[in-house]
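Next up: a single chain in structure tokens, the form predicted alone.
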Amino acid sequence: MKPITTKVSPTGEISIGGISTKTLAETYGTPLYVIDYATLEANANAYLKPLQTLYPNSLVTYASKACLVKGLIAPLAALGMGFDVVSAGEIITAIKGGADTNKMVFHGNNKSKEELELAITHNIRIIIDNETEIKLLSAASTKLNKKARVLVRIKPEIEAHTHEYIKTGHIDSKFGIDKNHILEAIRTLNNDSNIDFLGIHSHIGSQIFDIEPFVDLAKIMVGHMKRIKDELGIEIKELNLGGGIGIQYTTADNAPKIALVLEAMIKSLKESLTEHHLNEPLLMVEPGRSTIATAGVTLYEIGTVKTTPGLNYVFIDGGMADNPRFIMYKSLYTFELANRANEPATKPYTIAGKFCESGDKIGENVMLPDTNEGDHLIVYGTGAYNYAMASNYNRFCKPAMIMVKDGAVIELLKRETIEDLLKNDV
């Protein structure tokens, strides 16, 4: 929930990565995205270390949609992670940041011709989502006279207990090919001389706390491997089981230990492979939120504190434009006053932003000390899907982002300026 380097001084001042949040706010301004390197490293190793023992023939690809800037690529790549990308922008960002394209996979349900050509040119694995993409891919690989490396996304038809908008494995999801059409799609790909068909992919959703869906997914996908081998004579070389392990945003979240999920999933995978007399493929997993979310916090300065009948409002200098998850999902967070964390939280507040929407909030019934103008608010668990989904609503300038490591600051993203907002106006 909190970065592992989080500390509170005797005066109640919170520090992260060896630097006080007061110093960070005064130096870099607010709102401010802060990434703790030590937590990022620990979260990545929570996947990498167990897999080295449980299933060495594996590749962990960070789901870049959670949060991607060039400065995040090198530290993650140095730990051994690859990258899962979903657009030309993410592809180029990862490449410019130094990612190994041999460890990249390209997703999407409506990839453009230009994006497919970009992925083929850089030898990036492409996860095919539908039959139309197969035609586009064939044309692109023929045009470039270069083989495309391909996996096919299959709907696993597993109903995981998560928010409706982040379920991706059920039968009516917009993602993937259903089991009745998968053999035809793979046959078409395998018969194309410009396509190197490697394997299959599936993903059941996001923020999942149960272990059982991951166990079931492994069994289901091995069943598809068996069917593909029996009916098409094709041995699956690569199996991608996606991501989706949930993380703790508040004390109410009973998030599973990553190592336990991996252990159960791989046990199921190996048993199913043995049962069906299949070789062990390269195993890929795609964690995003569970890599970056708890490594990130957002710092705000509190402006007006307003009391209305039945509600106490705290207005911050950001809101829905830099954190749209509450207005989208009613997502819950853990909050503290960064400059008075040792004081008892005795008063309920609604944390509201500065934007012209009644729904512009990031928290309700948040218990804080009696709060004043000029206090700094820290919101934990904002590393994923905050900057990634940030907007310029109300011509808002997006916040800066920094990484803290052993008492030093690494700047990842400059704060936008009004000039930045105007530069594309005609």
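We number the residues from 1 along the sequence you see. Just so it is clear, the structure is predicted and the values come from calculations on it, not from any experiment.
Here the subject shifts to the form predicted in complex with a small molecule, a form of this protein not shown in this document.
Only one of the listed residues (K354, R325, R187, K270) places a non-hydrogen atom within 4.5 angstroms of the small molecule in the predicted complex, and that residue is R325. Of the residues given (P156, G296, G318, G244), G244 alone sits with a heavy atom within 4.5 Å of the small molecule in the predicted complex. Here the chain stands by itself, but in the predicted complex one stretch of 297-305, 176-184, 281-289, 114-122, 281-289, has heavy atoms within 4.5 Å of the small molecule. Taken together, the three residues H203, Y385 and M389 all lie with some non-hydrogen atom within 4.5 angstroms of the small molecule in the predicted complex. Remark: K65 counts among the residues lining the small molecule in the predicted complex, judged by a heavy atom distance of 4.5 Å or less.
Though the partner is left out of this view, Q207 does reach within 4.5 Å of the small molecule in the predicted complex, counting heavy atoms only. Taking the partner from elsewhere, E336 is found to have every heavy atom lying beyond 4.5 Å of the small molecule in the predicted complex. Contact annotation: Y329 falls within 4.5 Å of the small molecule in the predicted complex, judged by heavy atom distances.
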